[in-house]
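Only one chain is shown below, in structure tokens, and it's the form predicted alone.
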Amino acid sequence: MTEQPSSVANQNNPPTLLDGIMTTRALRRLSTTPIPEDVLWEILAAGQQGPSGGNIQPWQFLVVRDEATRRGLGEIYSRTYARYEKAMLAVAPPQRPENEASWQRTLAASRHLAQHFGESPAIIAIAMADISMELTDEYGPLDVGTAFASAYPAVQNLILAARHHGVGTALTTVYRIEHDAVRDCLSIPKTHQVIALLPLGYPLGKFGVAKRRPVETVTHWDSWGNKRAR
């Protein structure tokens, strides 16, 4: 993590909205170069604009810059990732030859993040009250989906705003294997769940379009199974 970042955003020429979306991928190799506080505030302000059901805005943002606290989170993340990777590899199907190189790069980057998580110059914990969105009426329960759906749009806003400023991150959740330890590390009350941790840093790699399945393979028109060529 002592390497210099490949670039710091040129704020006179930020990406357009669509370009930002298309080139925002998980970046797990991050520099230790500090992120200015005004940049962090702008990222947080963008997160605050995330939509939520009934505009309930259920999230709380906790920005971690204290070195000892970041180190504590890093130790938790390293332990939980080690358990996660072992369990995941035990059930992961073999990669197709054409995907093997990409898979190995992702695995190496994930291990790198696990080893250096606590060295990220800033980490944002996103917490929300442990609430249910379920309602009932005379016919029974009304399933309107998980309450997390009202918080993750704010998380994506944080990620995209970071991209605007040339800051890389990756949405992480494997720490939930030791969720109570994370809450204790951050003094978060047990009335709240930590739904994501975002390690922030200027990337040592590059932003770019990530490899994805062609959109037409996952798109149906008007009814299930009705596909169209793009």
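As the structure is a prediction and not an experimental result, all values here were calculated from the model. Sequential numbering from 1, following the sequence displayed.
The following text describes the form predicted in complex with a small molecule, which does not appear among the structures shown.
For the candidate set Val64, Val174, Leu204, Ile188, a heavy atom within 4.5 Å of the small molecule in the predicted bound form is found for exactly one residue, namely Val174.
The small molecule in the predicted bound form is not approached by Leu17, whose heavy atoms all lie more than 4.5 angstroms from it. The closest heavy atom approach of Arg212 to the small molecule in the predicted bound form falls within 4.5 Å. Remark: Ala26 counts among the residues lining the small molecule in the predicted bound form, judged by a heavy atom distance of 4.5 Å or less. The small molecule in the predicted bound form comes within 4.5 Å of a heavy atom belonging to Leu113. Checking 91 to 99, 105 to 113, 124 to 132, 138 to 146 against the small molecule in the predicted bound form, the stretch whose residues place heavy atoms within 4.5 Å of it is 105 to 113.
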